[in-house]
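Listed next as structure tokens is one chain, alone, in the form predicted on its own.
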Amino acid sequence: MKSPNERERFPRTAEAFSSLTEGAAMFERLTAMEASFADLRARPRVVHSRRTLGRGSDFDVVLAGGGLSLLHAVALAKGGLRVAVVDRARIGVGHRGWNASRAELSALEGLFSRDEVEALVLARYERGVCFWHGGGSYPVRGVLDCSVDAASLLRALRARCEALGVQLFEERTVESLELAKDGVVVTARSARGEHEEIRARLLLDALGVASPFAEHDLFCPTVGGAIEGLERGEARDQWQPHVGEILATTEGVEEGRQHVWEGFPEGGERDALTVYLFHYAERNELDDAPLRGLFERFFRTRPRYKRGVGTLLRPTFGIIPGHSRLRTTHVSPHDRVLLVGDAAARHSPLTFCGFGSMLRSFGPIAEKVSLALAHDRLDRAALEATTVEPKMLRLLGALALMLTARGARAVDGRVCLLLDDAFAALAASGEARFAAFLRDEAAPIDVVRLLGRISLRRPAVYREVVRALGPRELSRWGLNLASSW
């Protein structure tokens, strides 16, 4: 399928992709994603200019990057704004599943009818569970308990875009972003090499790790896919059709990393489990093949997680950017530019669940952006004010850093023991608080109380946190705590 060198380096991955109908194209997309992540020059070029567009803006908003960020396009267009979307791929196409709570899915009822939203749900789980190697299992209800058909949702969003007059510039690569005095000019290149300019008053940057503006300090390489033929049962290494596994580990730190699994039954006609494997990392901890290497580990160690031969039906992969909130970053890096989706990294550093974060935020952001456009308040400060982010995210970034290689060294590789202590304390606080933490809904006082409970179980936790973070980031955490109150 690929060169002999790649087949030798990633034999299990090459074999699994070769058995898929579109495996060669998917493998090409995988390697292209890695190359784009590694090469900063592959990102759009940013140009600052003094020219004035005047009435030359074709659109109020241009959304760079499609995917789930189409939610923003539909919500803004419903408000009467002129919207364009530009994406390097076909817009409104997806193959993976997404999970969210039923309460979070209710946000879609602003764009679709209740029956249409219900039809997107492939499976509902009685409960979710988190379990840790050498530790306990912690069940919880109301967290990621609905499996959503991503392909159907994206098709529906595209149809809404077309009905609302959103202009779709698909299969076009964003080559440059010109920041003019009163607008933004996006230069896009088609597969045939043709260039066109898209002029707008405001840019919504949804380019994720390819964003030239985003300042991420955490990354979450994630691989996996829908797998058929795994063994059912109640043991940890089996699966149940009405139980979602939110976070799980099958071993301690290996290869300097703490790897984490997720598993969600797909529902529908297939007797399949969607399985993910991921880890947290700082950029300097990632090598030249963060996804292919992780896929190789996925195929080699997956039997530790779930028994059975298992057949890969379709793969899923990505490098999810994150933000610990312990270093400076901005959701509006310049006037007339607003980061959304993965580029903004508003999702939880605990679960990295971007779908739930997007569901919670797209409506309020659209409302505030519409108001900013109406009053022509598109300066950086005004756009920063459109941020919709739970306060607790400012405090949980320290936990995400504890799961990186640096954090693993700080706790002498006993990451699973730290996680077990933390989740035992969460479970002891009651299911409602436990669920609130995993949905990013806890209050700052709950975070402080949790730290107190963890310290009773694990007195060394404060020393470990200090060793992992250092004085500068620890001071920033204290400031975040004070500002969250």
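Nothing here was measured: the structure is a model prediction, and the numbers come from that model. Throughout, we count residues from 1 along the sequence that is shown.
Not on display, but discussed next: the form predicted in complex with a small molecule.
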Exercise. Given that the partner is absent here, does residue 216 sit within 4.5 Å of the small molecule in the predicted complex, heavy atoms only?
Worked result: no
Exercise. Quick one: does residue 99 come within 4.5 Å of the small molecule in the predicted complex, counting heavy atoms only?
Worked result: yes
Exercise. Can you check whether residue 444 is within 4.5 Å of the small molecule in the predicted complex, heavy atom basis?
Worked result: no
For this session: Classify residue 172 as contacting or not contacting the small molecule in the predicted complex by the rule of any non-hydrogen atom within 4.5 angstroms, answering yes or no.
Result: yes
Exercise. Every residue in 407, 462 and 469 with a non-hydrogen atom within 4.5 Å of the small molecule in the predicted complex?
Worked result: no
Exercise. Given that the small molecule is left out here, which of 299, 261, 131, 355 has a heavy atom within 4.5 Å of it in the predicted complex?
Worked result: 355
Exercise. Which of these residues, 249, 386, 332, 222, gets a heavy atom within 4.5 Å of the small molecule in the predicted complex?
Worked result: 222
Problem set entry | Stretch in contact in the predicted complex with the small molecule, which is absent here, among 201-209, 240-248, 399-407, 302-310 (heavy atoms within 4.5 Å) | 201-209
